[in-house]
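Before any questions on binding or motion, here is one chain by itself as structure tokens, the form predicted alone.
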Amino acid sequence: MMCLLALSFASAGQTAPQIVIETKRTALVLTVNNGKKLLQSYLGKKQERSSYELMKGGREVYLTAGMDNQFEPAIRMVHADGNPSLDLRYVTHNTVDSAGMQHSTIVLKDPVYPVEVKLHYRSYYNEDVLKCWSEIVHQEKKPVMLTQYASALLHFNATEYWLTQFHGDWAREMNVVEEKLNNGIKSIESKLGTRTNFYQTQVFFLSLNDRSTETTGEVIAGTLAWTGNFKFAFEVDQRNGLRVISGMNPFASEYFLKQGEVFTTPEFIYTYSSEGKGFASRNIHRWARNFAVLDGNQPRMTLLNNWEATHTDFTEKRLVELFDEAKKLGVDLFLLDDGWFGNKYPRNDDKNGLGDWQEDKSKLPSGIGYLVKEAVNREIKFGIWLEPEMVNPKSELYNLHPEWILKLPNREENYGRNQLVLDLINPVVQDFVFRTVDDLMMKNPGIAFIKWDCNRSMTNAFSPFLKDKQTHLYIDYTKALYKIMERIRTKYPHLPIMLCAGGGGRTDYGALKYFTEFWPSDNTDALERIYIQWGYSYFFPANTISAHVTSMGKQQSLKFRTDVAMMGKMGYDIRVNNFTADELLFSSEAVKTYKRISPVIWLGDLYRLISPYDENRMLLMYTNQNKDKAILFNYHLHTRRKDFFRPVQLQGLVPEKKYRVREINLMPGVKSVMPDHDKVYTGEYLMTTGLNLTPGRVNPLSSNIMEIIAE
């Protein structure tokens, strides 16, 4: 059932309206003052409705520049007559309730200039998630210039503020750093155009009053659904008030808005928790699976990738041999990585052929169709790698269409991984990228998976198509990427596609509505992956985090590497023919085990029990929605003889239920030495006394997976 509420604030004697946006546990209260300014009066734990009526005043929701505001604005506009001011007053709002969601639209207008801003708020009741964005439009005869355009501005009043951010580089993504905010502005931002998460990721935790833990403290978890340049600004003022502004990065991106053209900002997604970061994570995970990730609640495929086995040096015969190895493993899919294309400029390394998407006749004389057929004959599916946004200077595409490429005039070309970025803003280039995918699928309809890569950021970027509007480049490129993905998804709505960007250079919910998963890092060393996957786990559900068993980190056992991959979306990128008989048996059984337990991992609630940043071990567990099955992952890192590990208190179980605890995924012929293996405990015991997960002397870089099932 849908109900619609519309209110306006027109007459001087009318009571100022209050807009209450609620989820199961959270409330955002907006109030209109006598000057028709829209104020944030409350954000926090849900209360009785009568309490909200007492909440008057607050701070302006969408601060403008050029008037009396002395702090960072949410929006700045320069009008056609050169006036750099904006004054936004409340006009009306409406709220629509439907299927566990509430959508409020609030209209603000300038009383002098014909400018309108619509603020959108969508609440997801059961997931405890809020989403907001803005729409900006004007009716001036000439274009206006937007120089700032936030998706959201939130106000906080607390004694202290602690910011957790996630930063890194290639092969060391998602390092976790926490710091106290002081007076002034702290920003987290990207100016990279593509592969924008290269150094900073567009996610954060904000703890109020004191540091939050996994289970305690008030905390906001926020992220931006945008695959381009982003910026979060945290401004603490002279009275210790905090403003958080989230949106696209306005750096070098002044936007000239034509009359009647609607400028829509990306969605800012956040959740409030009074029970620490773990609760906030679970809110984001549930929301993501239900609303944000393509087929977020559907099964995923396990795969074998050829990259480590062959790199770009392979033949048709060698690939078919790898199909047999995939069959022995028991995986669902074989993924052909980079190196399969190019004839005039064969793709034998990363210097040639990018952009020439025809099969290399010397490597694949029978074509992709033959490989699809041979895979199907072995009862596995076939997937393929693409990097359709990029081009090598040594390619036919570069020679034919230099006007399709982002590069500065009158300057030497600047390369990243020996390549340049195509000008997706040009509709002709959009058609080319779409046809790259569509032609491949039409010619080879048996292709069941695509890995979509993006290996360089924008440098020395100039769009021939935009001509004198170069400040639109960063924004319009991302919008163009979305247009292409919309076309692909219209024709191939459920084709699994992995989002990759030289590792974790693109991990955001603006892109993930078109993709089923992402590649977190090119670093597949299992020890390093523990930290990387721990970081991603705060904001992304396990079924989106691709994790492959590889030969990187050879000092680690195959079991350790497999156990680390199992806590995400497991796959393989390894030379299976180098396995011993025991390793092959273990791996084929591990695939079976993973397929059996994966519904709990992919769709369950995540509880991070012990952080690798705090101890020489890491523990986390997934519990299904009925709380009758759980999977516990226990990793010992660089342990020393003096390390003493206490029993681990579990979370997310039912105190009254009885659970049997069993160790699984053991090497052939190996029996569990865990003290609590195959014993039955109450949920209360497991959550208060806990499990002893350190039998005798602990070996460094060892691991255990425990299955916990209610009896």
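Quick note: we count residues from 1 along the sequence shown, nothing fancier. The shown structure was predicted, so the numbers you read here are calculated from the model rather than taken from an experiment.
Unshown form predicted in complex with ligand GLA; subsequent notes refer to it.
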Next item on the list: Would you please decide whether residue 214 lies within 4.5 angstroms of ligand GLA in the model of the complex, comparing each non-hydrogen atom pair?
Entry: no
Notebook entry, point to check: Is residue 617 close enough to ligand GLA in the model of the complex to count, meaning some heavy atom within 4.5 Å?
Noted result: no
Notebook entry, point to check: Heavy atom to heavy atom, is residue 261 within 4.5 Å of ligand GLA in the model of the complex?
Noted result: no
Margin query: Check residue 517 for me: does it contact ligand GLA in the model of the complex (non-hydrogen atoms, 4.5 angstroms)?
Written below: no
Next item on the list: Determine which one of 335-343, 214-222, 247-255, 392-400 lies within 4.5 Å of ligand GLA in the model of the complex, judging by heavy atom distances; exactly one does.
Entry: 335-343
Next item on the list: Scan 439, 135, 522, 210 and let me know which has any heavy atom within 4.5 Å of ligand GLA in the model of the complex.
Entry: 522
Note to self: Counting any non-hydrogen atom inside 4.5 Å, which residue from 543, 533, 562, 455 sits next to ligand GLA in the model of the complex?
What the structure shows: 455
Checklist line | Output flag, 307, 385 and 417 jointly within 4.5 Å of ligand GLA in the model of the complex, heavy atom basis | finding: yes
Checklist line | Those residues of 495-509 which, in the model of the complex, come within 4.5 Å of ligand GLA by heavy atom | finding: 500, 502, 503
